[in-house]
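The chain below stands alone and is given as structure tokens, in the form predicted alone.
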């Protein structure tokens, strides 16, 4: 089997005005859709980061892909995983996902790997999770992912979307938002995006969630490195009860050294709330220092920038060996990416926490999966009894996404610019802020 064509589609999807320490989401998120077509007419697909940079990186290796055997292609491209981009400096702390120049090769490789696996799976009639070692679970658990947000459902002009969740800039509004997500999707845990308001308000938000949902719904908070070590320790002490029993404190402060200080000081207070990270530990080269310092007790992996599904499985084995927990990071995405996350999670035994997902924030109006949105039921995505990723493209919807991309002015994610445009013209992302 040979690959006869690689098609790269840049699309835009409506995104609500969600807040984080990075700033404010723009009215549209950008995604890239890949198609690998074999000489037999079978098409493998994938979804990855959007905008000009990711599309250009894929175009740059197109000549190496056309004519290649999908069974061997990822082996041929494997030097992309071994370059200089794996150093300790490759952190996501100061850059939004998909815009880090130091992980271009790994995320480009990952995009091709998943498309190859989907193509192979569809050619032989086998689900991707069973191609990469066999599933250990048929359903993959995900968490509710609440955000502070401004009013609006995303989109601009005559493309403005319904505001499903409403404005949420108070603890009470966040509790209502989470309740709505749980009622709709059945989530059994909550990952709360902080780093936006004064830490005292965010602590109160978590306390109100705990009061509303009780100890059987694990709570996690992620301020994306917005706090000093002192503030991080204070929050850890204030929320020792609320973050116990399956919860965690994610990236409270910047860097492995800072995380290590927070961990030591909390342990000295008798507080064993684990620290999680998807920005301080983002490559295999980070692991030795992270383990030495005991900086991170839970890694939030992401097959998009760790280098693909099999790299996540390698990571999981190392995490299990060193007693580190594992979950999965998310970005604004559609159903193809959600199914990619679900398949690698289904084939990864050492998955100790429910995965993140932004999927409830995206509009059904933008979904490019044939048949509509992927179902999340009882907080889980079920692996379908279908080959490959188990989904195919709705080409009418894909064209609408491409037309939208051509109309909007956005070509990269820039949350700081959106804050300056809509909230405060002088706003800058400053770490730490509190």
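Just so you know, these numbers come straight off a predicted model, no measurement behind them. Numbering follows the first chain given and starts at 1.
FYI, the form predicted together with another copy of the chain isn't displayed, but the following is about it.
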Note which of 314, 264, 237, 167 lies within 4.5 Å of another copy of the chain in the predicted complex, where distance is taken over heavy atoms; exactly one does. 314
Is another copy of the chain in the predicted complex close enough to 131, 136 and 287 that every residue in that trio has a heavy atom within 4.5 angstroms of it? yes
Would you mind picking out the stretch of 123-131, 226-234, 353-361, 197-205 that comes within 4.5 angstroms of another copy of the chain in the predicted complex, counting non-hydrogen atoms? 123-131
Even though another copy of the chain is not shown here, does residue 215 get within 4.5 Å of it in the predicted complex, heavy atoms only? no
Residue 96 near another copy of the chain in the predicted complex, any heavy atom under 4.5 Å? no
At 4.5 Å between heavy atoms, is residue 321 in contact with another copy of the chain in the predicted complex? yes
Does at least one non-hydrogen atom of residue 279 fall within 4.5 angstroms of another copy of the chain in the predicted complex? no
Interface residues of 48-82 toward another copy of the chain, as seen in the predicted complex [heavy atoms, 4.5 Å]: 71, 72, 74, 75, 76, 78, 81, 82
